[in-house]
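This document opens with one chain alone, in structure tokens, the form predicted alone.
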């Protein structure tokens, strides 16, 4: 497969405009969330889109699609800022937007779709389209920037995005406790009743540990963590407080669970209460790990090997419980019905929009 890596939006637009009508294109960034590639497709790499325009006073930043998330976060940190998402893999910004990637902070800050306020796109025929800009409240025209979030490059080449950024927290800390799936609802209820403002919750089946994160002043973080420990202890659990220095290691361990070097990751989304009820019914399964963002109603089912029959069974049971499924990561091609789990109203709508923006099906 041939690969091109344009250094500018104009170069990418010209290349796309000159392609033959039957040529197919797969857009790639760092390759952290790829889901296979048709053998005949040509590869368009975004790594040449490597510019950053930070406007700290406006709390916005314009970023070329090829900039790695870690690179952007390092630059923002020098200005006391951050992009308030924490996906498990260090992809490019274009890849993060295209795949709708995020982590446990989704509970407080939302998804990348909530933080994108503008974009420059290149359509299949080479047309360059702009939407939004460095204004957080922008209601002019069609919101194409939101449209491409989570579309996996099916609609257009994401060349640049404008993002809303937040100030770095003065302090962060957390609480860790071994919690059974049936007890997760109780933890959410404790947070609600005690009015504790957690910014993130993450539970993984490999250890059974739930991580709850707080941000704010050092006094506020300590107070909330202490109160949560008291509430969990009253339920017979054995929580422990975690200082900021230890959070990075805990997050890395969870990333290792959710982003295996090989295998398949199937995401299940549902109303939080329904998802947690479903989680209590599935039990432990050999070869499959589970990572859950309890308050957000999201679970990642991870099969590190090629045996995905259990994933298929779990995906079907999740759909029967009212959930929707999406293949988040597919390191190796599979020959079972996993892709059929993605048939949903959202998928149907995406294909209808793609038929208008890319009628020839160039982007695959």
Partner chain sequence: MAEGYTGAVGGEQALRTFAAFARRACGPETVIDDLLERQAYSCDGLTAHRAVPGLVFVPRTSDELITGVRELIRLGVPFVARGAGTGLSGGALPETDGVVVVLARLTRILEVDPISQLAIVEPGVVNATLSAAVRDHGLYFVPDPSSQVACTIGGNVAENSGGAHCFKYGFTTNHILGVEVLTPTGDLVMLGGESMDVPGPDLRGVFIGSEGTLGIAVRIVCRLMTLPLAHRTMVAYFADVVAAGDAVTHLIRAGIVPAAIEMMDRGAMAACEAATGAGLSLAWEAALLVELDGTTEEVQAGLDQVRACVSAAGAGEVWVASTEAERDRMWRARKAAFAAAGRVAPAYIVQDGVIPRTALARVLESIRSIGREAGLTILNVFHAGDGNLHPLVTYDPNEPGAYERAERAASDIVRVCLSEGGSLTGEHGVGIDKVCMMPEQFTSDDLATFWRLRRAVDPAGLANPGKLLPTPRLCGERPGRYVTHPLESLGVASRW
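Just so it is clear, the model here is predicted, and its values are computed rather than measured. Residue numbers count along the first chain shown, from 1.
Keep in mind that the form predicted together with the partner chain is missing from the display, and what follows is about it.
Contact annotation: the partner chain lies within 4.5 Å of heavy atoms from the stretch 99 to 107 in the predicted complex, the single such stretch among 256 to 264, 202 to 210, 278 to 286, 99 to 107. Proximity to the partner chain in the predicted complex, taken as a non-hydrogen atom within 4.5 angstroms, holds for one residue of 234, 74, 273, 249, which is 273. Although the partner is absent here, residue 221 sits close enough that one of its heavy atoms falls within 4.5 Å of the partner chain in the predicted complex.
Using a 4.5 angstroms threshold between heavy atoms, residue 312 stays clear of the partner chain in the predicted complex.
Under a 4.5 angstroms non-hydrogen atom cutoff, the partner chain in the predicted complex lacks residue 86 among its neighbouring residues.
Heavy atoms of residue 17 never reach within 4.5 Å of the partner chain in the predicted complex, leaving it off the interface. Candidate site formed by 192, 345 and 350: every one of these residues places a non-hydrogen atom within 4.5 angstroms of the partner chain in the predicted complex. In the predicted complex, 215, 216, 217, 219, 220 are the residues of 203 to 220 with at least one heavy atom within 4.5 Å of the partner chain, listed from first to last.
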